[in-house]
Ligand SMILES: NC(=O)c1ccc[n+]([C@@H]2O[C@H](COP(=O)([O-])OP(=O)(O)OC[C@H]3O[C@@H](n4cnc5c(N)ncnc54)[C@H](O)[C@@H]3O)[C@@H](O)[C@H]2O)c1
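Only one chain is included here, represented as structure tokens and corresponding to the form predicted on its own.
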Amino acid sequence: MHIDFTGKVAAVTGTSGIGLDAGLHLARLGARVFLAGIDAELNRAAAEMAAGEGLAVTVQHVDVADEASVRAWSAEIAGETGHLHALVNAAAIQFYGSIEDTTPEMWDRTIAVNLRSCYLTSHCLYPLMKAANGASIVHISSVQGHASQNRVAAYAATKGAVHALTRAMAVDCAADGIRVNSISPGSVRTPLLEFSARELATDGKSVDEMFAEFAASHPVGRIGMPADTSAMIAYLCSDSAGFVTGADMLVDGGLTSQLGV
């Protein structure tokens, strides 16, 4: 399948892991990309990667959970272009904890970054997407929105909510020519997965040893790479997916298809 984003504009949140790879991938396909992140070091590294490839990517400091910050980002994009063809919401955080030991601060921050951000970016950038006469929003959810590990109460709650938000937005946005879908990755080699590996490690196991355990739990026998998710994101943002909206695409190596017995 040939996908060409020449002349298209995309906004992507997250300057590491899935967000970074998606932004670079869309730019390699010809898109003008606005990439948003909160970590100055990660933003700098992302900008250097894009510049090294000569890609049309602008990296901006944005707190996706803060209305003023997102509105400022939206204004910057509008100042350069009058339309937006693709929005990818990939920024996310994770805390480990059950309902008993998840603090209100942990809960609120997870909701803010993982869920509120999907609303804020979609809300603030909506006029630009309407003006595009055909646009796509992709929210990055997780298999944890379908089935959960232990001690992921806040994270799982946000990812399940993203699925519901995706369906609601797909219904509401269709009249404006905007499709809305989500993807639910399994274990993908990102800084967030490295954090999980360290949190879940037992008996002094290394991150790579934990990755090997994660890989064994996926029927395909490996963990995913960001490129695996970027391919699906590009498809959902392309005209090839013109009849796809309100869907959640599992990019999980068969993880959720397998019974653990």
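This structure is a prediction, so every number in the text was calculated from the model and none was measured. In case it trips you up, residue 1 is the first one in the sequence shown, and so on.
One more form of this protein exists, namely the form predicted in complex with this ligand; it is left out here, but the text below deals with it.
Engineer: Please tell me which of Ser122, Thr190, Thr166, Ser74 lies within 4.5 Å of this ligand in the predicted bound form, judged by heavy atoms.
Structural biologist: Filtering the options by heavy-atom distance leaves Thr190.
Engineer: Between this ligand and Ile137, Asp172 and Thr245, in the predicted bound form, does every residue show a non-hydrogen atom at 4.5 Å or closer?
Structural biologist: Verified in the predicted bound form; spot residues all out of contact, no.
Engineer: Quick one: is Val57 in contact with this ligand in the predicted bound form, heavy atoms, 4.5 Å cut-off?
Structural biologist: No, Val57 stays farther than 4.5 Å from this ligand in the predicted bound form.
Engineer: Within 4.5 Å, heavy atoms only: does Arg109 come near this ligand in the predicted bound form?
Structural biologist: Yes.
Engineer: Flag Met49 as yes or no: does it have a non-hydrogen atom within 4.5 angstroms of any non-hydrogen atom of this ligand in the predicted bound form?
Structural biologist: Met49 lies outside the contact set for this ligand.
Engineer: Since only the chain is shown here, I'm wondering whether Ala11 would be in contact with this ligand in the predicted bound form (any heavy atom pair within 4.5 Å).
Structural biologist: The answer is no: Ala11 has no heavy atom within 4.5 Å of this ligand.
Engineer: Go through 87-95, 128-136, 146-154, 100-108 and give me the stretch that gets within 4.5 Å of this ligand in the predicted bound form, heavy atoms only.
Structural biologist: Comparing against this ligand in the predicted bound form, the contact stretch is 87-95.
Engineer: Going by this ligand in the predicted bound form, which residues of 38-56 come within 4.5 Å of it through any heavy atom?
Structural biologist: Ile38, Asp39, Leu42, in sequence order.
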